[in-house]
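The data below hold one chain only, encoded as structure tokens and taken in the form predicted alone.
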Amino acid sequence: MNTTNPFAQGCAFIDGGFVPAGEARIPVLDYGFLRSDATYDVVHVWNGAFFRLEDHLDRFLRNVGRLRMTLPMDRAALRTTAIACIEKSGLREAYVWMICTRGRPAPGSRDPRRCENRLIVMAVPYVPYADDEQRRRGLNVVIAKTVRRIPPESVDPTIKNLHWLDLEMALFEAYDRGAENAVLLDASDHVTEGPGFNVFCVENGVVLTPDRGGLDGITRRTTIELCAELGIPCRVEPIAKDRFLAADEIFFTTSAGGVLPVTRIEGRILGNGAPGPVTARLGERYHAWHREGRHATPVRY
């Protein structure tokens, strides 16, 4: 452990200055805390380089605008600040969060238009979504029965947000049922997403991913591009629960781990109990893109 660098366990930019991530604070009166009124984005740093930083900036800035918020800096300064958090921390594998909260209301007012929005940028050590053993054997998951995904007509999932209670409760259900994670359905029994990941399945050699109800994930976008590169057919369309459960392969995608295989769902063993061939090809090519420096923004330490 680095005992000389105060930012070694993470660095945050908040209220105009840099502090150790563990010391970053927001007031309890901030609507981001009181009302989950915030948007955020998370980009990962692998081997000292950001992956698809510009795409994450695009999405974050778009969503800040869609929530009618404003930032105290422009895109170039935001990019510089994100990179500075990594430079100060010295982390070579990390997550960099960009968060915009509604902020505190003006004294005597409840009008969100009168809030001064708050920007937080922070780098923290990388923690993988699945460990090496889970990646090798594949995840054991269930379809959540006790909770449905918040409908997009209520909270738009393409605006990355902190409305996670449906996702968290589905995760607790998965643990109670002896599984490691859960996939949520919408009100029409169509697959949406899970806690922190997008969902894919493979049916007769064709890769499928839901067309609504989930985040437009950057790793999801990368996977669709990987399919095109590898000549694997890929479609974005509604996927009913029964069709999903009958799929030949299932996998998740997330910035916290790339392509994650699923080998057991609702007690059913997929294939031979090992990650399927399409999933394996996509996973290997995903990591190859990192090794090749695709979409990389190197950090100067």
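Every value quoted in this text rests on a predicted model; they were computed, and no experiment measured them. Numbering starts at 1 and follows the sequence shown.
Here the subject shifts to the form predicted together with another copy of the chain, a form of this protein not shown in this document.
- Contact check for A38, G108 and F172: all three have a heavy atom within 4.5 Å of another copy of the chain in the predicted bound form.
- Proximity to another copy of the chain in the predicted bound form, defined as a heavy atom within 4.5 Å, singles out one entry of P27, G267, P233, P238, which is P27.
- The single contact residue among A228, V206, A76, V155, judged by any heavy atom lying within 4.5 Å of another copy of the chain in the predicted bound form, is V155.
- Interface residue remark: E87 is not counted as part of the site for another copy of the chain in the predicted bound form, having no heavy atom within 4.5 Å.
- At a distance threshold of 4.5 angstroms between non-hydrogen atoms, R220 is out of contact with another copy of the chain in the predicted bound form.
- In the predicted bound form, at least one heavy atom of D15 sits within 4.5 Å of another copy of the chain.
- Taking the partner from elsewhere, G22 is found to have a heavy atom lying within 4.5 Å of another copy of the chain in the predicted bound form.
- Of the candidate stretches 127-135, 220-228, 78-86, 207-215, only 127-135 contains residues with a heavy atom within 4.5 Å of another copy of the chain in the predicted bound form.
- Contacts with another copy of the chain in the predicted bound form, taken as any heavy atom within 4.5 Å, map within 144-174 to T146, V147, R148, R149, I150, P151, E153, S154, V155, N161, L162, H163, W164, L165, D166, E168, M169, L171, F172.
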